[in-house]
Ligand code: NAD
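Just one chain is shown here, as structure tokens, and it is the form predicted alone.
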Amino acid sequence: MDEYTSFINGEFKKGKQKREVINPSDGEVLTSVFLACQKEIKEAVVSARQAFDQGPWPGFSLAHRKAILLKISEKILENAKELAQLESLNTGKPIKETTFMDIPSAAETFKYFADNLEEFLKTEKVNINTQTAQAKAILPREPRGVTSLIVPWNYPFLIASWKLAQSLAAGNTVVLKPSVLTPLTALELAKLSYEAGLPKGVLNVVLAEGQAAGEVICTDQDVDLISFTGSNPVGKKIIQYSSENVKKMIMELGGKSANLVLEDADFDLAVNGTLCSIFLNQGQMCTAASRILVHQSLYDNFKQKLKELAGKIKIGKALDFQTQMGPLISEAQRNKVETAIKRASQEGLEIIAGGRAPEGKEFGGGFFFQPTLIEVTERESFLFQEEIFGPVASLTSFSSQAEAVELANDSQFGLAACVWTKDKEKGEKIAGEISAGTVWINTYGMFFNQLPFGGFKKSGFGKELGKAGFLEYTRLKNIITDQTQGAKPLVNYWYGF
């Protein structure tokens, strides 16, 4: 695409305001996008509303709907190389991650919900037989209507695919709003979706600044559901906007996940898994296990090994297949991380590894930052409590299983956690005591389309993925028929007329 513009009612529409998109690997302009104004955002909502109320999509047979979703999956795989390159250029994510994780995982999500939508949408039947009444009920699942899907910049293609696959499989129409920092692959996804046979108006992609788009979309009475993944401050605004016209909401917000290394953990497995849990995607993950909690008997050796291996992580430009950690998304994000490091130094915290931008000509212009480990002994420290959203982790020791759980739960967030132990029964017991929506044992970051994902506490509410996530995008109706035998139903006699 020569120009990147909003996609509304089956057409690419150029707005008046232009914004540059920066390549995080070198700080250079990658391309420009044209932002939609409020009028154009409203057009996108109207387009989705008309496509739901008057268009063919909700009335398609489930088999027809399934066929289109499978075609979208195929289209993604056919264009996987180009999509992976574009995603890496736009986000700074290493090319081996986009090639082997993000793009194929997105294609598999469309395939999974296509293959299971008929099973998930089965109508339940219930018979009622009491002393006073006999009735039968059917409980059909219906699409919500118009869904607004608001996607963050850290996994723009994959999270857009999560939300879009579920929403479309359920029969909804969509207004998709990607981050203006990373809108490119969302627009490519829209193009591929229409090539796959998606009817006009079913998917609209709006390029707009978050505040402007959020207020228009979330207050609009024509929008029936909002699915948001992003920061807590923005999430709170969306909840506030949405209160004007009551809507169904799915909110996946911040995290400050705990990584528990027990005394009986497989040492090497836990070390390597811990590196992945915080430094994957440059630490720009809501699930990033940024609080590393290690049993005191392992702590010194574990800290030393982490320091050694963190220093060996290859930092580089996104399109280099040797790169293990790319740049942060923007200069502003790197400034935020640098501010956190300065604050940690002012608190007297010991920086064990990293703590600054790497030096060298190969990093010139890019928004790189070293993998950083900081020792934290007080849970009141901001570094233990606040989300940094970068390659920065705190290390803290514990002396008992009870203390480990207490430390893990000492957070306003409850998105994810992981536990390392050779004792499966112990691991499951601890997982049950941790207040987090997802707990991994002896692994980290395994997402499956079959399993729900979503957090507790200030990490939000609602689920994505799995049957539970799919059903969030539907509404449940109760249709009751009286079956009273040999007499009129009781309600007929109530007033005695």
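Note that the structure is a prediction, hence the values are computed from the model and not measured. Each residue number is its position in the shown sequence, starting from 1.
If you look for the form predicted in complex with nicotinamide-adenine-dinucleotide (NAD), you will not find it shown, but the lines that follow are about it.
S.K.: Which residue, 225, 202, 238, 306, has a heavy atom that falls within 4.5 Å of nicotinamide-adenine-dinucleotide (NAD) in the predicted bound form?
M.R.: Here the answer is residue option 238.
S.K.: Using a 4.5 Å cut on heavy atoms, which of 396, 179, 330, 99 is close to nicotinamide-adenine-dinucleotide (NAD) in the predicted bound form?
M.R.: Result of the distance check: 179.
S.K.: Pick from 372 to 380, 417 to 425, 147 to 155, 88 to 96: which stretch has non-hydrogen atoms within 4.5 Å of nicotinamide-adenine-dinucleotide (NAD) in the predicted bound form?
M.R.: Correct option: 147 to 155.
S.K.: Contact between residue 253 and nicotinamide-adenine-dinucleotide (NAD) in the predicted bound form at 4.5 Å, heavy atoms?
M.R.: Contact with nicotinamide-adenine-dinucleotide (NAD), yes.
S.K.: Against nicotinamide-adenine-dinucleotide (NAD) in the predicted bound form, would residue 387 count as a contact residue? Criterion: heavy atoms within 4.5 Å.
M.R.: Residue 387: contacts nicotinamide-adenine-dinucleotide (NAD) in the predicted bound form.
S.K.: Is there a heavy atom of residue 453 lying 4.5 Å or less from a heavy atom of nicotinamide-adenine-dinucleotide (NAD) in the predicted bound form?
M.R.: Result yes; residue 453 sits at the interface with nicotinamide-adenine-dinucleotide (NAD) in the predicted bound form.
S.K.: Decide whether residue 286 counts as a contact residue for nicotinamide-adenine-dinucleotide (NAD) in the predicted bound form under a heavy atom distance cut-off of 4.5 Å.
M.R.: Close contact exists here: in the predicted bound form, residue 286 approaches nicotinamide-adenine-dinucleotide (NAD) to within 4.5 Å, heavy atoms only.
S.K.: Does nicotinamide-adenine-dinucleotide (NAD), in the predicted bound form, lie within 4.5 angstroms of each residue among 159, 214 and 229, using heavy atoms as the measure?
M.R.: Every residue of the spot touches nicotinamide-adenine-dinucleotide (NAD) in the predicted bound form.
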